[in-house]
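Considered here are two forms of the same protein chain, supplied as structure tokens in two stand-alone entries, structure 1 and structure 2.
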Structure 1
């Protein structure tokens, strides 16, 4: 039985890693199409990808978008998490479910809804639309991580600080905040990844002139099949894995992702 389980687990692991490994290896192809394994190896598609304005512009857009959305969503999530954990009011459970709603509404519906609503309000600015959508999709992860961090450190510590003469606000600043800081930072890192990688929620919101990197890749592969996309992808994988390692070290990935 142990053997069988190990075999199944190995198959699952191979399945999960297969497309990722293939992309990374194929990115070093020399030919005009990605090969696995490459017949001849080269870094030229990396040079090509970095020289492609469609990618670099989109990468900058995605990076800015991720940073702005995360910085906007974090204070919102902090306030909401505090209210949920430390407040006593009817319907807390329902409210918590509502705060996580953006996770469960199909992203394509969110994207469309923001498109039509902003059009109705006369907002034509691509950046504004995208920031709105990305705040929405990053926010639930932040709320969840911060709630998890807050519930782990119980009120007792803050109360102890208060009996030692600390004003509630100082108790919070000196005791609670340092304790949840790793959780908040991990949540922010994950939010950055979520925003940077997201496709569906941006689907209807970009324009010909302002694109995000995942959508630029999607557009590119519709007409081209050269390995420059593999090169870009490999760089994305490296960034994601680095962030994942940091999060795992700080608080554990599972607490951030939920489940």
Structure 2
């Protein structure tokens, strides 16, 4: 039975990873169209992707948007996680479910809701709309990872700091925050990846002058079919893998997801 489960797990992993392997290998093709396996190998499409202004400008937009959204969402998520874990008020579980709801609600529903809300509020600035939307999208990931860290935190350490005369704020900055820092960093990395790769929310809120990298890729493949998109995808896979390794090294992926 155990061997059968291992075989099934291997088949599922192969099914999930096969498209990624195809994209990565095709990105090294020297031909004008993606080939698997490539007849000749080259890095020309990586150079083409990096030199394409539409991609580089959109990548910078995605980068600053992800950084700003993460920096704004992190303190909000810290406050919310502390209220859920440390608070003693009725409805804590309902509050947690509400804050984590964007993880379970279909992305198209969230996108339309944000679009309608921004229109009702009269927010016309594209950058402001994108930042607000991406804060909402990344917020649940930060809350989830910080809650996972706080539930494993030893309250006796805070009590010891207060017994020694530390102010609650000083105890938080010098005792609590350093100990839950791996979970905070992991949540920030998750938030950066989610914001950078977001398609559905950005699709409804961007303009012709302010585009994100995923949308730039969609616009490009509408009229072009060459391995440059595979090259960009490979670079994004490498960045995501590096972030996952950092999370694993900092706190452990299983602990982040509450396993």
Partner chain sequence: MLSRPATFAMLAPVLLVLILLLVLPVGYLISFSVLARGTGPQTLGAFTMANYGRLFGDTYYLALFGRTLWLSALTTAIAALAGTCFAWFMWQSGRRWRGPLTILILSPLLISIVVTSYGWVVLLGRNGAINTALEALGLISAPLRLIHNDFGIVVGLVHVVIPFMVLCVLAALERIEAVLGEAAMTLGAQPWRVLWHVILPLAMPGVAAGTTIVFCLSLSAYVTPAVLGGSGPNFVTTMIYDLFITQYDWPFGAAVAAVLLATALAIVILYQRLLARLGAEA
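Residue numbers count along the first chain shown, from 1. For the two forms, the rigid core is made up of the largest set of C-alpha atoms that agree within 1.5 Å on superposition. Because the structure is a prediction, the values reported are computed rather than measured.
Structure 1, not structure 2, is the form predicted in complex with the partner chain.
On core superposition, residue 7 has its C-alpha offset by 2.8 angstrom between structures 1 and 2.
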